[in-house]
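Before any questions on how it binds or moves, here is one chain, the form predicted on its own, in structure tokens.
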């Protein structure tokens, strides 16, 4: 007699109980990366329009463009989505291709720091331009 949950699966009995894969976060990272990709896809046309509006303008012109609340919000959303997408994508590459555990840990930490620094610097620049300071 077979057990009620003995379907043909590659998951271990413990993983079936916990409903987790080997990495415990792979599925959520997969879906987060897809969500950020969709967000960036939806925001890319407005971002391209803003960039085209910025061509040939000086700092005063850029401040005037970014002082519009919808433009500032679109740019902030795009920055957050792209930085998060970049972080997840690079982390997957690091985890898949770096086999030395110490180098992998250092690389993941450097990736997190870099993505956070890029996002914060970009957010600061957008907020500074939009506030007119």
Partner chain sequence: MTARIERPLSPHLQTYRWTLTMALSIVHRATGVALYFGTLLLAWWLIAAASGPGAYANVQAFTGSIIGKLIVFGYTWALMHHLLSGLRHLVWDLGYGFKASEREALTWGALIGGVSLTVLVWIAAYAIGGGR
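Since the structure is predicted, the reported quantities are computational estimates derived from the model, not experimental observations. Numbering follows the first chain given and starts at 1.
Note that the form predicted in complex with its partner chain isn't included here; everything after this is about it.
In the predicted complex, its partner chain sits within 4.5 Å of a heavy atom belonging to residue 58. In the predicted complex, its partner chain stays beyond 4.5 Å of every heavy atom belonging to residue 67. Within this chain, residue 96 lines the site of its partner chain in the predicted complex, having a heavy atom no more than 4.5 Å away.
Using a 4.5 Å cutoff between non-hydrogen atoms, residue 34 counts as a contact of its partner chain in the predicted complex.
Along 96-125, a non-hydrogen atom within 4.5 Å of its partner chain in the predicted complex is carried by 96, 97, 111, 114, 115, 118, 121, 122, 125, in order along the sequence.
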